[in-house]
Every structure is written in C-alpha cells, then in structure tokens.
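Taking the form predicted alone, here's one chain by itself in structure tokens.
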C-alpha cells in the first residue's frame, strides 16, 4: 500500500501507537528497567536523545494470521535504541545516535544474478506492490537477548515472484548499503563490507520470511534497517539484513559477512538452537529486553519457537553440523 500523510488517513486505518507505547508509564518505570532489566545500557538510554520516525510516516496495514499471539510487545523505545547495526557503530546505542544521517529517499533496490532479466525498483514501488501486513514476531539475537516486535511488510516470496528467478537459482543474497560518509562503523569493525547475508531459496520462500518496511505501524527508523530489510524470525537476528540495496540470486551458497569473519561461530544457517552455544554466549536461555529482571530470563526455543512451521525445511540435516 502507499505511504500516506497522516492528514490523508482515516483514523480507523491508523495503527494506534498507544497500543504499543505509553510514554508516561515508560518514564515512571524506565529507571527500574535500566538498572534491573538492561543494566548500564538501559541507564545510558534514559539520557540518550530520541530520534524516531516522524508523525506523518504511518503505514496502512491489514491483519496477518501469521502474527504471534499472547506475546508482550517490547517497548518502542527499546527497539529503537538497543540495536546491532554495525555500519553505525559497535555499541548498542550507536545506531540511534548515528543512523539519522543516512538518506533513505531516493532508494533503489537492484535485482540480478540468475533471473530472467535484471530489474530495479524504487522503495515506493516496493511499498505499493502488495498490501502491508503487521506481524508480531519474536526477534532473537545470538548474544542471547530477545525482543517482540510488530513488523510491517509482506512475505519475501512475493518479492521473489516479482524478481522472476531462474530454476537454477538455489540461494538468494542480500547486500546492504555501504556509505562511508554516513556510516562510521565501516571503520570500526573489520567485516567484509558491504554487509552480505543469504538464505536458501526454500527458506526465503517460506511465508514467515518477511520483506519489511516498517514497525509499530510506522516506516522503519533508520537504526532498525530503513527503508527496507528482511526479517527471518526463526534465525538469529544478524541473518535479517538491513537497508538492502542489492538482491542477487545464485546457484551456490553466497558468502555472508559473519560467516566470513568467524565461521566457527556463525554458520550459514544460524537457526536459533538452544543446543549449540556460541562463544561466549550460552543459547539455552535468553534475556527479553524491556521486561523486569525477574521475568526477563526465559528458556530459548528451537527455531525461536517457530519449529512447527519451519522444521520441515531441515528434515534429515545435522543441525549441530549445519548450524
């Protein structure tokens, strides 16, 4: 659907931010959450400037049957201020402070590789391509913390169908923006830039894999991967590439940034698996950001709790070997 100005949208179509965010309640509980739930990072967020999306950036969505039920949504402030987005810095608060410099209009995504024809699409064309759904997904980081986020987008399979890959295409690769003028993190960490991630084609075609343009009923903030990213909820968060500019279809498994950097820790598949630890983090439990400390520690679930939907993708595979 189209991005509309707030004045043009009937109130019945706008996802109320109050459903996710009560500022006064947050401010009353923020100190306790910072000290007891988030530690030093939480305290630093209380004094950090808030750079969020504008009031006219609402998105019109339709209900999704794929949305998780019964989950407590992580506060908007936490999701926009506690991020791994290494192009903008290595600390969790760096993307909030630095990502606002990135320009997200105009923005073009190039599609090539094993396709019928090379294509390009502007971000607004992609937004109009299919109705946008709101899906509440669990989001799990390899550092053993987690969130619950209401994302906005449509199934990645819809985009793949538009791209028209050839039958010989077995993988999809995502390449993200590399801009030395706005991304100080490019000089802080020695990754193989631009950031690259990839999925096997059957993974990418699974209905849960989401091409994502927004969250909490609004366009994505820069620090959360604006203007377009993928979300693959049964995998660790680094598999969900942000700020995508290039999509390539390949016959062979593509290189991916963290697998290049530390293959013994970051496998190509990187499905959430409580039985495979990642140094120095045990994966048996996770810390849910935004909850008080007595509720925050929770047992991790295989495939991040999406096993009923995705386990068949890996039937017969040794998931400790193909981690």
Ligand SMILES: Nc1nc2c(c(=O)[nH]1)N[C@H]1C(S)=C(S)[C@@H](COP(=O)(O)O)O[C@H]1N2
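Positions refer to the first chain, counted from 1. Fair warning: this is a prediction, and the values are worked out from it, not measured in the lab.
The following text describes the form predicted together with the ligand, which does not appear among the structures shown.
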Query - Residue contact check: residue 241 to the ligand in the model of the complex, 4.5 Å heavy atom - result: yes
Query raised in the report: Taking heavy atoms and a 4.5 Å cut-off, does residue 98 contact the ligand in the model of the complex?
Result: no
Query raised in the report: With the partner left out of view, is residue 139 within 4.5 angstroms of the ligand in the model of the complex by any non-hydrogen atom?
Result: yes
Query raised in the report: Within a 4.5 Å heavy atom cut-off, is residue 107 in contact with the ligand in the model of the complex?
Result: no
Requested in this report: Name the single residue among 155, 77, 173, 84 that comes within 4.5 Å of the ligand in the model of the complex, judging by heavy atoms.
Outcome: 84
Query raised in the report: Of 130, 229, 246, 206, which one comes within 4.5 Å of the ligand in the model of the complex, counting heavy atoms only?
Result: 229
Query raised in the report: Can you pick the stretch from 157-165, 143-151, 114-122, 248-256 whose heavy atoms fall within 4.5 Å of the ligand in the model of the complex?
Result: 143-151
Query raised in the report: If you look in the model of the complex, which residues in 221-235 sit within 4.5 Å of the ligand (heavy atoms)?
Result: 223, 224, 229
